[in-house]
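The data below hold one chain only, encoded as structure tokens and taken in the form predicted alone.
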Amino acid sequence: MPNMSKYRRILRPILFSISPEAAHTLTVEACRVAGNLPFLPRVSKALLTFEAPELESNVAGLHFSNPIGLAAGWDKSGRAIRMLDHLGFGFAEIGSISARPSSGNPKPRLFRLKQDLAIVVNYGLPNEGVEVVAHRIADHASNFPIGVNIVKTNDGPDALACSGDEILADYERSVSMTHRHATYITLNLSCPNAKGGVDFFACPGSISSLLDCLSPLSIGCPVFLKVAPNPAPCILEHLIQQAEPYGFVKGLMFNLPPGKPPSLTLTTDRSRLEHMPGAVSGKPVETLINLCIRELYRRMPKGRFDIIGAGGVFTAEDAYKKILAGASLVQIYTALVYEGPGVVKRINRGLVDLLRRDGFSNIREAVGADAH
């Protein structure tokens, strides 16, 4: 596997010469093939992994060798699952997975905003369906935590609206087939690019209804709720109130904001963005997400929940900001597009330097240090 400088100099120009979705598909398939070859995964792990006791932590009852994870959306159906624990990450989240297979939104549905270190995502949750993906997870004994991101099936823009009961049943089927095999589950309640569950979970009490529906399953792994980014205190307090009674809910995280709201710091001309449907991922969302993490952390019952932070993380300093704001774990995706796989090792090495600079002996001591 190439280091970051070689990626920028050689591989990135090649990948950027083809469409973003073709480059994404090619990369996932390359990792799928690499994961089945002898010796290559071990060589990759030796080159890309940075280990330090300061980075180890227990979150939601699970052990993580480092806090940097692969965000959902990269490996949508677990096709590269055999390679994910050899890329330097402390954990990975596959999906989003839905109860039925979905082809997602029409193409083109992925765009690069190079000058903003961002991408515009309008995939619409394409995946092979929970039955196929559950078998993949069950057949693979991972050496690190594998999360499964679960969402309501996207039946396309012309599909009839689903009833609340149908939406709940969709989630229930996916959770029932994955919770015994996944290390943790994330319930995606706010995907900005799919019709169906988003409006439902904006309604008061809808999250409680879903958690009531899932309670009889005796879920065997921690559950995180992924919600729309909104730092308003009333919104965050209501979220905590809905999640708190359910012991299997161990954490929370924020999704991308829908569309291109004015709050995003974008230098790309807005007239160009009009031809790019979808949500912005990468540097422009960093400030909003960090604010949401800090405000949520301030309001959470002490020790009750953990936060996974994602959005605009390219450097150790970026990850550290989220940790200081209240995130116990941090995910990346867009940084891989622009920096390559070596970025994970660089972030982890830099985090150790930052922890030592500030007198922290372990990553857990830094969580929320700037939120009070």
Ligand SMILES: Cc1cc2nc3c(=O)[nH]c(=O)nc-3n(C[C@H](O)[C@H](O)[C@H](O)COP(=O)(O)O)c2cc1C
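Owing to the predicted nature of the structure, the values given are computational and were not obtained by experimental measurement. Residue indices: 1-based, along the sequence shown.
Not pictured, yet referred to below: the form predicted together with the ligand.
Check, residue by residue, if Leu110, Ser281 and Ala310 all come within 4.5 Å of the ligand in the predicted bound form, counting heavy atoms only.
-> Judged in the predicted bound form, Leu110, Ser281 and Ala310 all sit within 4.5 Å of the ligand.
Of these, Val121, Val249, Ile146, Leu87, which has a heavy atom no more than 4.5 Å from the ligand in the predicted bound form?
-> Looking at the other structure, the residue within range turns out to be Val121.
Between the options Leu288, Ala134, Leu125, Met300, which residue brings a heavy atom to within 4.5 Å of the ligand in the predicted bound form?
-> Selected option: Leu125.
Does the ligand get within 4.5 angstroms of any non-hydrogen atom of Gly73 in the predicted bound form?
-> It does: once the ligand is placed as it appears in the predicted bound form, Gly73 has a heavy atom within 4.5 Å of it.
Taking 4.5 angstroms as the cut-off for heavy atoms, does Gln331 touch the ligand in the predicted bound form?
-> Because a heavy atom of Gln331 falls inside 4.5 Å of the ligand in the predicted bound form, the answer is yes.
In the predicted bound form, Ser174 touching the ligand (heavy atom, 4.5 Å) | Residue-level check for Ser174: no, no contact with the ligand.
The ligand contact at Asn255 in the predicted bound form, heavy atom, 4.5 Å | It does: once the ligand is placed as it appears in the predicted bound form, Asn255 has a heavy atom within 4.5 Å of it.
So which of 268-276, 156-164, 95-103, 78-86 is the stretch with heavy atoms within 4.5 Å of the ligand in the predicted bound form?
-> Selected range: 95-103.
Members of 357-372 lying within 4.5 angstroms of the ligand, judged by heavy atom, in the predicted bound form = Heavy-atom contacts to the ligand in the predicted bound form: nothing from 357-372.
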